[in-house]
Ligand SMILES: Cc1ncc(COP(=O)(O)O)c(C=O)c1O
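There is one chain below, alone, in structure tokens, taken in the form predicted on its own.
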């Protein structure tokens, strides 16, 4: 199989991930922080080490500021519901994933004002438009994606964070498509909150992710309960990460994520970014030569991550995705990609697109075989 659905979840995983999960289940699958025996201590070491690796990956000075979550969606919900209150105002963009759009719509029903900055037809964000939205009224938070999960377009997160701070707002970055793919440093970029998945660019198993919370930010926890520390207190602890980590965390997945992070750091995020940029450039160059095929986005590998959305004359996206899978062994993602707002912005709603998302382990040959398949479909559809 040629796997081009890395924007949904990365595949394959580094071999060390499965090995770490198996070893953990066999030798260290206790409950971290709940007991003093060797299995509990082994579990705590695995959790602490992965937290430390995440902090190192994102330039976080204190690993305790990173709380584990099941995925980026849970992390985003924790950030949004934990921060915003009726009467607050939040600014976001028109290309957000439903993981941001749906919580904000629910919060709007409860009295939070939501302003959406329209992006261009290629998914790009004009900072002047963001500035005007911030000047329109006092704002508690700017929440935006780092890169569109549909078009791959990278948004100017660093400059957007600066604008947010200039207007007295906090800044939340959704790094679902960029964590492990683009270098991210929370201090250098001025991020107050960073939500990320463990199973995409970080190459870990599903059921993993997290939320960085800056020291000056306090969130109301979505869950309250046992944390393994200060059990005599009947109120939720306020210190991180326990404030946001009630109940037993996904220790097995976290052990696998730790192995993935070690692999990624050894290979280097910069090197992964260069590899994926080269694949994207190769893919885009070939796609531009196929008659009847349209690229939705920047069509410029320097302005996007390795997610490319296309439509092909004579083909519905869902049919094209099915044929690529059944006849060519190529796994892609057709449809709306849980981001209808992004498709409205790109002009591809309601039919959606076919998304091609190469990843860390994709080869040039995979790209060339995909282009050959699409050339064949272009001929068949005319």
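Since we're looking at a predicted model, the values are computed, not measured. Positions refer to the first chain, counted from 1.
There is another form of the same protein, the form predicted in complex with the named molecule; it is not shown, and what comes next is about it.
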Any chance residue 255 has a heavy atom within 4.5 Å of the named molecule in the predicted bound form? no
Answer for residue 76 alone: is it within 4.5 Å of the named molecule in the predicted bound form, judged on heavy atom distances? yes
May I ask you to check whether residue 71 falls inside a 4.5 Å heavy atom distance of the named molecule in the predicted bound form? yes
With the partner left out here, check for me: in the predicted bound form, does some heavy atom of residue 199 sit within 4.5 Å of the named molecule? yes
Can you check 199 to 207, 212 to 220, 129 to 137, 282 to 290 and let me know which stretch has heavy atoms within 4.5 Å of the named molecule in the predicted bound form? 199 to 207
Option touching the named molecule, based on a heavy atom within 4.5 Å in the predicted bound form, out of 186, 119, 147, 90: 147
Going through 163 to 192 from first to last, which residues have a non-hydrogen atom within 4.5 Å of the named molecule in the predicted bound form? 174, 176, 177
